[in-house]
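Presented as structure tokens, the chain that follows is alone, the form predicted alone.
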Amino acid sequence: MDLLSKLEQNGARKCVACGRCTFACPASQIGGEFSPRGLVERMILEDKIPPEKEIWLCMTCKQCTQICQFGVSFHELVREVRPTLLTSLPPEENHGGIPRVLERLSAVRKIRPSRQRWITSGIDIDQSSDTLFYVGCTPYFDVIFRYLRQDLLEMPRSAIRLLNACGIAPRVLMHERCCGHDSYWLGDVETFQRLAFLNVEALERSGVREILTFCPECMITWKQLYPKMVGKLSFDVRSVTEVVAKAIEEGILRLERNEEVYTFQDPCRLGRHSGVYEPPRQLIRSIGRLVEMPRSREMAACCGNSSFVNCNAMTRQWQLQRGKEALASGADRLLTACPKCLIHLTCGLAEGWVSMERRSIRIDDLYVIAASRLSKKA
């Protein structure tokens, strides 16, 4: 697809240069030179993709698209022009590039990842179930980011404990591969295509009727991106938050409530990309009191990074601002429902607490806290 077609398809020619997108963009607010409005303007006037590294600062959080009154899909336009720059002007990969290497290795057919070591006693798995639990890359993150948090594997374990309490004992894939989320958004089309076809082939062969994910990035990849690549899927895709919230609403699941106060970091892929705002809040209200930060739901602030590229001092300042916002809400804990949000905010805030006069707020995963409140009477 040529540049003119990309601009037309994403409504870029409707842009009136009002600047609302740039005002809302976290990459612009942290002090970088990236501007969604400026990018569109240059592409239209110069009829070419500007060779600027700032394009990798975009977190594809969809804030710009959300706030645009004229229907310009800025975040999709950024993704569509990135393949052109991926080789000539690549992003700065963080953490030694290990997350991207693991994703590319996962796309090799003859490699069959063994990823079940995270499963422990006390959680029920049924390999004949019609429902599959997709764990995603959290077992890898547990190795890469253990210096930040030692509880990352408790996220999938707690999600399954909650499902078990809802009467669901899911199946897991013995050789599950990465979903390819980061390849898609970074413009590595070849790797994403390979993973899409390998994963859908494996799921179609398994005969499952539904996939449940606790990771929002896995959810949008399976639910929204794979159908674009391989066609309609023969199974449904839902977030574990949706399943658990429904069980609470129907009286199937009961969680113990106390006086603790929580605020919630809406993951971009769960919120703006999927429209799932209320289910995680239903979980929180069932265990304690929820207070909202000024920027929440559709206007929630991104955690500061998505694909482990171009993370720097400016993104950590953004994360520190988010921490201060959570602290000012009066909450005892900041909860999120995304492994990457948990990692990025933990990393950014760990370096910033000193400047916050030692005042801090705990950051935890929603599934872990909710599972710790499972009622003995449930």
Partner chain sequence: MENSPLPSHNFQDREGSWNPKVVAFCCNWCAYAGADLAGMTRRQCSTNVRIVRVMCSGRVSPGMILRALISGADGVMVLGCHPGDCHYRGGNFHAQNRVTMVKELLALAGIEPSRVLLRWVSASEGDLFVQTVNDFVANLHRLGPLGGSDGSAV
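Numbering follows the first chain given and starts at 1. All of these numbers come straight from a predicted model, not from anything done at the bench.
Here the subject shifts to the form predicted together with its partner chain, a form of this protein not shown in this document.
A.B. asks: Even though the partner isn't displayed, in the predicted complex is E190 close enough to its partner chain, meaning a heavy atom within 4.5 Å?
C.D. replies: Flag for E190 set to yes.
A.B. asks: Looking in the predicted complex, any heavy atom of G288 within 4.5 Å of its partner chain?
C.D. replies: No, G288 is distant from the partner.
A.B. asks: Would you check, heavy atoms only and a 4.5 Å threshold, whether K228 touches its partner chain in the predicted complex?
C.D. replies: Flag for K228 set to no.
A.B. asks: Taking its partner chain as it sits in the predicted complex, is R281 near enough to touch it, meaning that at least one heavy atom pair lies within 4.5 angstroms?
C.D. replies: Although its partner chain is absent here, R281 would stay clear of it in the predicted complex, with no heavy atoms inside 4.5 Å.
A.B. asks: Quick one: from R149, H273, R157, R194, grab the residue that has a heavy atom within 4.5 Å of its partner chain in the predicted complex.
C.D. replies: Here the answer is residue option R194.
A.B. asks: Name the single residue among I119, A169, L105, L233 that comes within 4.5 Å of its partner chain in the predicted complex, judging by heavy atoms.
C.D. replies: That would be L105.
A.B. asks: Of 204-212, 157-165, 84-92, 123-131, which is the one stretch near its partner chain in the predicted complex, taking non-hydrogen atoms within 4.5 angstroms as near?
C.D. replies: Correct option: 84-92.
A.B. asks: Judged by heavy atoms and a 4.5 Å cut-off, are G251, R257 and V261 together in contact with its partner chain in the predicted complex?
C.D. replies: Per the other structure, none of G251, R257 and V261 touch its partner chain.
A.B. asks: Which residues within 104-138 place at least one heavy atom within 4.5 Å of its partner chain in the predicted complex?
C.D. replies: Read in sequence order, the residues that approach its partner chain (within 4.5 Å, in the predicted complex) are R104, L105, A107, V108, R109, K110, I111, R112, P113, S114, R115, R117.
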